[in-house]
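A lone chain, given as structure tokens: the form predicted alone.
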Amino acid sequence: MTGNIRVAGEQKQGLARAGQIYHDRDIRMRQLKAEGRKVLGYLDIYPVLEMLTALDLVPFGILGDIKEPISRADACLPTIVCPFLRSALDLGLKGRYDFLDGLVAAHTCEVGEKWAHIWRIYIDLPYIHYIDTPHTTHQSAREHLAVLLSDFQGTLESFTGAKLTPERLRRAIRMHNEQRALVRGLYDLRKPDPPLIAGTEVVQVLVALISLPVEEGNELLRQVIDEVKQRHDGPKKKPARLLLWGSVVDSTDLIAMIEDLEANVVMDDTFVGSRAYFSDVKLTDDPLEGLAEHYLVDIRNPRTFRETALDEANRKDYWADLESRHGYLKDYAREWNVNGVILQTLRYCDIQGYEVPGLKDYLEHIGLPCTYLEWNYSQAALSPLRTRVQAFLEVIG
């Protein structure tokens, strides 16, 4: 099976296919359902997708829609919580995800936890599982997550009637590691000046990846990388080369607004961005241990608390702690030749918002200009943000 989508007899590949899936995310899932495959939705980057792939289940990333007014979710979640989660629940209640056979959620934040249980109550699905992912990287937390994943394995085996053997799981890990390597190869195309691929195009590709089985996503990535390397009509050189950090960016609208100005978004640190792809799962004797290590320790995300860095006198060291938490962003800035950072969070996203003061200190300490944007996950919010981005670009220009 090639997995290419046919519309009016036309077979799309590469960037055209990524754009098509981005605009019509459920098209491939409904085809797979018609072929007898089971599709499980998941939220954020902490549900362990390798375990789904190993049992021939198709993972599908649940997103919101900034173009769709929220109406039904207000009966279940207050308006003073994450607008992305409210939007995702709203779409579920409206039947946008009626092709799902199940849902897997994990503890990304307190509202995300409540979101999962509300979904369980209001949306009837044959299978739902919640992983109470720990929030620290202690050895005991890693061991606890491995136990939770063993429980997850048991529910998946009961649901599918198949055995999740270590061999099947290692094979799935290799497939997902291949996807991570291909995504890193895609991001390498943003290192030249001008970048070979636009930030908006990268968003479309990454949204397409979480809307396809992993093997089809890998083939799409290979097509896109080959296409981008060969074309001659990519982005133009602009004075600003920006890193975008923060909350979920699952729409091209925000990045399009930035790139319509004198800037190229050449790197990101976001959900539906680099966070899920910039480290591989280690192939350990017990695959669940390697998966627990990866999802708890390797993924860099403000939702996970890490050990506080200490000085030589065993006292808390503010700057050493910032370096320990955010040093990878300095590496991104160097490798992608970044000269400015946009920190953006969704309104009421406490986990990302609490990180901003320290992160601003760190970026200014290492000489990287930054600005902070807070928005409410709507198209209406983009116009005032545009003015603030213009002002920032004049400062770094």
Partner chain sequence: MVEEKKKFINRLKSMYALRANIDKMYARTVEASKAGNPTAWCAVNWWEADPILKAMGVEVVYPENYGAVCASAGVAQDYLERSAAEGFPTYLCGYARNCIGYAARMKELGEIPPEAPLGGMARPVLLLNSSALCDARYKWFQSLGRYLDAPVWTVELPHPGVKESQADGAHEQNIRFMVGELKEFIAFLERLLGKKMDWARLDELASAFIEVNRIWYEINELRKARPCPMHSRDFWTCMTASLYPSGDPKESLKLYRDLLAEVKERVANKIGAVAPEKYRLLFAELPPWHDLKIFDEMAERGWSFVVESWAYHPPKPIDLSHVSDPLERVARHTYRWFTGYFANALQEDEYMGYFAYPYLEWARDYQCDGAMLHPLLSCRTATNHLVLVQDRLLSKLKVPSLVAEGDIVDFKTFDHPGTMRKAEAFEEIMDHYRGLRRGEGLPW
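Just so it is clear, the model here is predicted, and its values are computed rather than measured. Between two forms, the rigid core is defined as the largest C-alpha subset superposing within 1.5 Å. Residue numbers count along the first chain shown, from 1.
Omitted here: the form predicted together with the partner chain. The next part is about that form.
- Of the heavy atoms in S140, some are within 4.5 Å of the partner chain in the model of the complex.
- Under a 4.5 angstroms non-hydrogen atom cutoff, the partner chain in the model of the complex lacks E335 among its neighbouring residues.
- In the model of the complex, the partner chain lies within 4.5 Å of some heavy atom of E113.
- Although the partner is absent here, P78 is a contact residue: one of its heavy atoms lies within 4.5 angstroms of the partner chain in the model of the complex.
- Remark: of stretches 157-165, 252-260, 175-183, 101-109, the one touching the partner chain in the model of the complex is 101-109 (heavy atom within 4.5 Å).
- By the 4.5 Å heavy atom rule, the three marked residues H117, H144 and Y348 all count as contacting the partner chain in the model of the complex.
- Screening D226, E215, D286, D74 for any heavy atom within 4.5 Å of the partner chain in the model of the complex leaves a single hit, D74.
- Between the partner chain and the residues D298, D132, D193, D188, the one pair within 4.5 Å by heavy atoms in the model of the complex involves D132.
- Contacts with the partner chain in the model of the complex, taken as any heavy atom within 4.5 Å, map within 312-329 to N314, R315, K316, Y318, R325.
- Relative to the superposed rigid core, the position of the CA of E312 differs between this form and the one not shown by 2 Å or more.
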